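Next comes just one chain, in structure tokens: the form predicted on its own.
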């Protein structure tokens, strides 16, 4: 039997992140093809209550230690290395997110195993595993073969369906002891952003603007469209950094995660940091002058044109349609 596959369950504020279920679904497919068991690991104080939700795993290992709660990447990598050694895991799946940033590279250094970052695809090929890695913000996709099926893979959020990693089954749970040294950096508390005039997380229609909007004055064009649609305007980080919209309107890894019914990405390239915050929108419509912009890869509909030319026309058409 092949070496076990280990998934690092990502948790935040007492719940499991979607990336956990994405990795469990991908890991289940790889484990089935390789004839290997699939394990999950939970790290941190009071993490054990989350274990029943990891039913797609054959077993869940829990390392209950207060210093592993949102610990620095080095501490998590050391704990994972210990679990790998104890269970004989050959492949580890880690989320490519803010919470898990840096863990994969440090774990690869500690184990001497190859690291494949920004993975958008995974498949078994004979006795090998092939991961599709996203490079340069998605402009290049590279297939990386792990000939012996051993390595560390950082999974890009939204690349795999989360539903495939969910199950009503209750997995067996086993506690493990891992060495934990006092970390140099300690997490203290969350600093919530100040409430804005609009809660973009509760909007069913969002008009997102990026660098393509060009100037502060042009943001009004997006506001006009949002008003006609009955939605709100949000933005990628460059627009927020310019001060054209408040921080409460930022979508992405360092902003808010949204799930509207319709998300219009206007002049947004589709960098991984932004995609992470809006990937779960039910319908994504992208407009960009660059036909190779990564935003088109995950969009349901797209148009290659200048948003400044399209916005007034689109707004007028919607107003006319509404009468």
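As the structure is a computational prediction, the values presented were derived from the model and not from experiment. Numbering follows the first chain given and starts at 1. Between two forms, the rigid core is the largest collection of C-alphas that superpose within 1.5 Å.
The same protein has a further form, the form predicted in complex with a small molecule, not shown here; the description that follows concerns it.
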Legend entry - Region of this chain that lies against the small molecule in the predicted complex, out of 44-52, 267-275, 28-36, 63-71 [heavy atom, 4.5 Å]: 267-275
Legend entry - Joint contact, 220, 222 and 297 to the small molecule in the predicted complex, by non-hydrogen atom at 4.5 Å: no
Inset, instruction - Let me know the one among 95, 231, 151, 252 whose heavy atoms come within 4.5 Å of the small molecule in the predicted complex, would you? - result: 252
Legend entry - Contact label in the predicted complex: residue 145 to the small molecule, heavy atom within 4.5 Å: no
Legend entry - the small molecule contact at residue 307 in the predicted complex, heavy atom, 4.5 Å: yes
Inset, instruction - Consider residue 293 of the chain shown here, and say whether it contacts the small molecule in the predicted complex, taking contact as heavy atoms within 4.5 Å. - result: yes
Inset, instruction - Evaluate residue 210 for contact with the small molecule in the predicted complex, applying a 4.5 angstroms cut-off between non-hydrogen atoms, and reply yes or no. - result: yes
Legend entry - CA of residue 286, rigid core aligned, shift of 2 Å or more between the shown form and the other one: yes
Legend entry - Is_shifted residue 12 between the shown form and the other one (CA, 2 Å cut-off, rigid core): no
Legend entry - Core superposition between the shown form and the other one, C-alpha change of residue 181 at least 2 Å: no
